[in-house]
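One chain comes next, on its own, written out as structure tokens in the form predicted on its own.
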């Protein structure tokens, strides 16, 4: 009869194998910033549904999507820029300049099939200006894009003045605000879905996306690893400018109005949504699911406040408050987490410190 193999392993009930790693993984997921934002979104939607009339309707959900579409579009490339530890505050002015140029070209008699590619090309050039000033001239992106924010908005007034161009064809404006047949979902919602999937694959499933995290976390290490940090950042600014121009085209056709002051101060809403979604302002961290949840959270709060007839001035204050919370709260959470980690390590080090063996005093004897 074979002997048992030494020390017996602790037995576990059926199904217990692997339960502990699953629980640990689930606990780690629930402690992420993305889970916190999604939880806040659920709480905000439930609260607004109970307290605000007409919020929990499919028609209002369609309008909410139309309202946040421009913010969501620009937030996608802005996420990539912030992950590389940069920022672009000129996006709303790029949108306004695109709208002004679009209206000016329309009054000159050009068809929209020609105007739209030209506007997208202009947006890429505006983004390239930011990228060159940041990567070639070595200037901080915060200062550069504050300057271009004023310059692009001023150019928009030079192009169109204080006029408004409103005679765009209904065949275009109705398509932008149209709904998927049989639903209250606007077509722009499907466009956002495709864009979010494309940016999600780029950021989370390609070497380029992993490179963006490396550039944001430690640019020197990324450079030693063979990455061209300058080119990566330059292309992110070009991409952001192009998508901001696309948002300008959407904005103009959705409201049927080309004006130089379109989307004024929208950059604050975009940055607030991105940071609210868990992207670190210092770069190297963040994810697109969290940003999408942040955009929907921001849009749901704004939509509920408008339905509750809160003045627009108060909405601006709410945007600023969310921006502050999205910056301060993650830093406080990180400090609390680091403090707990240090305490845990100190406790383990104390409990594992070996006690010195007692030295027996040699007293001599018959075997000495």
Partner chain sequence: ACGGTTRGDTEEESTSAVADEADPDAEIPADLAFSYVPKQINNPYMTYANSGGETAVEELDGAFEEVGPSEATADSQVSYINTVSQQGADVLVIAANDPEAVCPAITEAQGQGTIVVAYDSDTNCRDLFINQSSTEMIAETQIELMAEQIDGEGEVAILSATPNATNQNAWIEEMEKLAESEEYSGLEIVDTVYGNDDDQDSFEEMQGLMQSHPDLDGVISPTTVGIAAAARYLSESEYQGEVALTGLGLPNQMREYINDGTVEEFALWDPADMAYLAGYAGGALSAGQITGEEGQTFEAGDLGEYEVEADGEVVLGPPTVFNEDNIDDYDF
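Rigid core here is just the name for the largest C-alpha set that superposes within 1.5 Å across the two forms. Numbering follows the first chain given and starts at 1. Small disclaimer: the values here were computed from a predicted structure and weren't measured.
Note that the form predicted in complex with the partner chain isn't included here; everything after this is about it.
None of 65, 35, 307, 44 but one reaches within 4.5 angstroms of the partner chain in the predicted bound form through a heavy atom, and that residue is 307. At a distance threshold of 4.5 angstroms between non-hydrogen atoms, residue 256 is in contact with the partner chain in the predicted bound form. Heavy atoms of residue 183 never reach within 4.5 Å of the partner chain in the predicted bound form, leaving it off the interface. Under a 4.5 angstroms non-hydrogen atom cutoff, the partner chain in the predicted bound form lacks residue 51 among its neighbouring residues. The closest heavy atom approach of residue 250 to the partner chain in the predicted bound form falls outside 4.5 Å.
Heavy atoms within 4.5 Å of the partner chain in the predicted bound form belong, among the stretches 188-196, 256-264, 240-248, 72-80, to residues of 256-264. Contacts of stretch 198-215 with the partner chain in the predicted bound form, defined by any heavy atom lying within 4.5 Å, are made by none of its residues. Once the rigid core is used as the reference frame, the Cα position of residue 315 differs between this form and the one not shown by 2 Å or more. In this overlay on the rigid core, residue 64 has a C-alpha that sits less than 2 Å away from its partner position between this form and the one not shown. Once the rigid core is overlaid between this form and the one not shown, residue 304 counts among the residues whose Cα shifts by 2 Å or more.
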